[in-house]
Ligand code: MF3
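Before any questions on how it binds or moves, here is one chain, the form predicted on its own, in structure tokens.
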Amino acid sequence: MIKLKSNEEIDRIRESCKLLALTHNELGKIVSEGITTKELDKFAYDFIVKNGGKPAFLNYMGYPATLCTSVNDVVIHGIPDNTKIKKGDVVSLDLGINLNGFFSDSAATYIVGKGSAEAEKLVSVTKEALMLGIEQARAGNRIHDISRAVFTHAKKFGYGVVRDFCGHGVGFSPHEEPQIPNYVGSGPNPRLKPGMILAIEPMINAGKDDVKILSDGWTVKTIDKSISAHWEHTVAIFKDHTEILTILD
């Protein structure tokens, strides 16, 4: 069941999203060679709590951390540890916040130092795919319009589009209906309505579509060991416009 939000509820979700955008902004300043993913995780936890929020992912369905830190061929759900980030690494940080019972979700991908031409292109195209998907996230359109925009752009460059995981509704909990695949399949295709809050999140691989889940039950990697990028924004659908909530003014 898709849960539509009132304007007052969207205001509360917007507050959560602004704190999330601020947290990502601060994280982006410290993603650098030599820092560990566990140190990034601690920074995010401390910053969120200091500003009155709670990490939405910590202990959610058993996930053991605040951040998902996915490096190189890790697509999503990389668990922070003592691994040091190296020059040229592709680092995706996925984060959610619970601010007084209202939830936000977003992800960004960074290249540490000077990356390869392949990495630079992948990260750029994935972000472009996100923005093209958001352009289609407007009242009267359908979920598959978002999916088609993401998929078509990624495939122009021969990239793999992850099918096993997708975007989703958000706001009252970390994950809600509807699901938002990054490809057009045979699943539900509801019409977009004012009051929907959506987390749109392309997960794009430099190689093939296929991924695997490691034995820890969380870490998702590309089958062919190709690098992967992940961008995500939470957006609100209104009658006459769509607002990206997880950006700073």
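When you see a residue number, it is the position in the sequence shown, counting from 1. All values reported here derive from a predicted model rather than from experimental measurement.
Beyond what is shown, the protein has a form predicted in complex with this ligand; the following relates to that form.
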| said: Using a 4.5 angstroms cut-off on non-hydrogen atoms, would residue 77 count as touching this ligand in the predicted complex? | reply: yes
| query | Can you check whether residue 168 is within 4.5 Å of this ligand in the predicted complex, heavy atom basis? | reply | yes
| message | Since only the chain is shown here, I'm wondering whether residue 47 would be in contact with this ligand in the predicted complex (any heavy atom pair within 4.5 Å). | response | no
| 4.5 angstroms heavy atom contact with this ligand in the predicted complex for residue 43 | no
| request: Find the only residue in 155, 121, 148, 175 having a heavy atom within 4.5 Å of this ligand in the predicted complex. | output: 175
| Region of this chain that lies against this ligand in the predicted complex, out of 208-216, 52-60, 183-191, 31-39 [heavy atom, 4.5 Å] | 52-60
| request: Go through 85-99 residue by residue and record those having a heavy atom within 4.5 Å of this ligand in the predicted complex; state none if no residue qualifies. | output: 94
